[in-house]
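Before any questions on how it binds or moves, here is one chain, the form predicted on its own, in structure tokens.
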Amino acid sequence: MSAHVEIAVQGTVQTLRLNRPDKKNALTGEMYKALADALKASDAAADIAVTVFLGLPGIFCAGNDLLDFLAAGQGGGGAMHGFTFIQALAEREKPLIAAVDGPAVGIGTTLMLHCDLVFASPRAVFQTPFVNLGLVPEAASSLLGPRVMGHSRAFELLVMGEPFTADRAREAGFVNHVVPPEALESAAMTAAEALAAKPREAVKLARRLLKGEPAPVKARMEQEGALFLERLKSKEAMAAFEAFLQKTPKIQ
């Protein structure tokens, strides 16, 4: 469990809300573990049909907590919980929905590639500064990104680190609907309830057909993960982290 992840069930819909506003919902190892455990539990629970990821008003997720990144680069274990979470995404059999209001950075963006429906407000901004920090893409985004949006746009997002607005993300194919902030969560929950009302086994089988077998996704995650951990220990990445922390200490 984590004090910064609120887990709730409304009928047959599980909600996972990131609630660490003082750090802009940056994810720690403890938060990753709570999310991974919740995903696995809900996938096995007969009474849960759908999971919805939520943030806070104007804040979805600032990505990984950079202090955890630095600790992982020095031999800490926080990165392992992150890998467990993304593996849970790859192995997921039930639908995933996200409602994004505000910045969605790093894993906050690559998570969208594993969701089946994504709702975003006009305040949503998607960005992956991996390469800027001396790292590489994660969560199989190097595989799923080009599948969803083509090489050029995936390169712009994942390598150039360019921010995508909600409208640009919808155009690129990883956001379904852009709705006003005040209607965001209700729109996501309405879709979740409609999906939960459909025949469960048919939804599961149809989703598997659309996504394909998870083996290639998991293999890419392992490939990315090995490079990611290697890069975390590099002088290039450590210098980038230190410079970023000095520039914006308030988010840490």
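Keep in mind the model is a prediction, meaning the values are calculated, not measured. Residue numbers here begin at 1 and follow the sequence given.
There is also a form predicted in complex with coenzyme A; it is not shown, and the following applies to it.
- Contact annotation: Ala62 falls within 4.5 Å of coenzyme A in the predicted bound form, judged by heavy atom distances.
- Coenzyme A in the predicted bound form is approached by Pro129, whose closest heavy atom lies within 4.5 angstroms of it.
- Using a 4.5 angstroms threshold between heavy atoms, Leu66 counts as touching coenzyme A in the predicted bound form.
- Taking the partner from the other structure, coenzyme A in the predicted bound form has no heavy atom within 4.5 Å of any heavy atom of Pro95.
- Interface residue among Glu230, Glu236, Asp22, Glu242 relative to coenzyme A in the predicted bound form, by the heavy atom within 4.5 Å criterion: Asp22.
- Put simply, of Leu111, Val105, Ala166, Leu157 only one has a heavy atom within 4.5 Å of coenzyme A in the predicted bound form, and it is Val105.
- The putative spot formed by Ala26, Leu133 and Lys247 is fully lined by coenzyme A in the predicted bound form; each residue has a non-hydrogen atom within 4.5 angstroms of it.
- Here the chain stands by itself, but in the predicted bound form one stretch of 176-184, 97-105, 111-119, 143-151, 97-105, has heavy atoms within 4.5 Å of coenzyme A.
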